[in-house]
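To begin, one chain is listed below as structure tokens, in the form predicted on its own.
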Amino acid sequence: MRNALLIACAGLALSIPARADRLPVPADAPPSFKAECGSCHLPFPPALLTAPDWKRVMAKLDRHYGDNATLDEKTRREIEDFLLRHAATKSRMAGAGDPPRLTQTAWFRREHRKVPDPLWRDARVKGAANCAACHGRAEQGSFRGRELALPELRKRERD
């Protein structure tokens, strides 16, 4: 009976999704992921989008959010396989648009609903996808509210 209870508790613990405020890039990330994706932006944790979204992103690297991020086929496949292996399974992490945007997921919009529009346009932030502008430990996968450092808006921008 005791073993059955322990097994049931362990199963429950494993079925609870990781907290979205702690999303480190998995340890099995290929070096190409950080080198290629991280050369232009934060290498986003794969759990920020669903597998179908990552497939759509990786299928259009020649038009990657306004840039050409084309990769050789081996590297592209290596990064895509990694992203799909660790993608979100919850529909709240499904992006919107073509290509899908993590800033349009239900989770992101709920978590950032109180962020004023002028902050997204601030030159120090440059948009909602620049996580590191406010989340100083974003590269380590930490998006905790208590670690936030929001750029101070000038009075005119707040009004």
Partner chain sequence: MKKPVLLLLIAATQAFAAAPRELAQAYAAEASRQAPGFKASPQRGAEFYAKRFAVSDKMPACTACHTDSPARPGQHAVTGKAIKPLAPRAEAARFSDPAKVEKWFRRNCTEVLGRECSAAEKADFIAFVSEGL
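In this text, all values refer to a predicted model and were calculated from it rather than measured experimentally. Residue numbers count along the first chain shown, from 1.
The form predicted together with the partner chain exists for this protein as well; it is not shown, and the discussion that follows is about that form.
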Check your understanding: Do L48 and the partner chain come within 4.5 Å of each other in the model of the complex, heavy atoms counted?
Key -> no
Review point. Within a 4.5 Å heavy atom cut-off, is N68 in contact with the partner chain in the model of the complex?
Key: yes
Review point. Taking 4.5 angstroms as the cut-off for heavy atoms, does Q104 touch the partner chain in the model of the complex?
Key: no
Check your understanding: Would E139 count as a contact of the partner chain in the model of the complex, using a 4.5 angstroms cut-off between non-hydrogen atoms?
Key -> yes
Check your understanding: Just one of R63, R109, R121, H41 has a heavy atom within 4.5 Å of the partner chain in the model of the complex. Which one?
Key -> H41
Practice item. Please determine, with the chain shown alone, which of 123-131, 50-58, 89-97, 110-118 has non-hydrogen atoms within 4.5 Å of the partner chain in the model of the complex. Key: 123-131
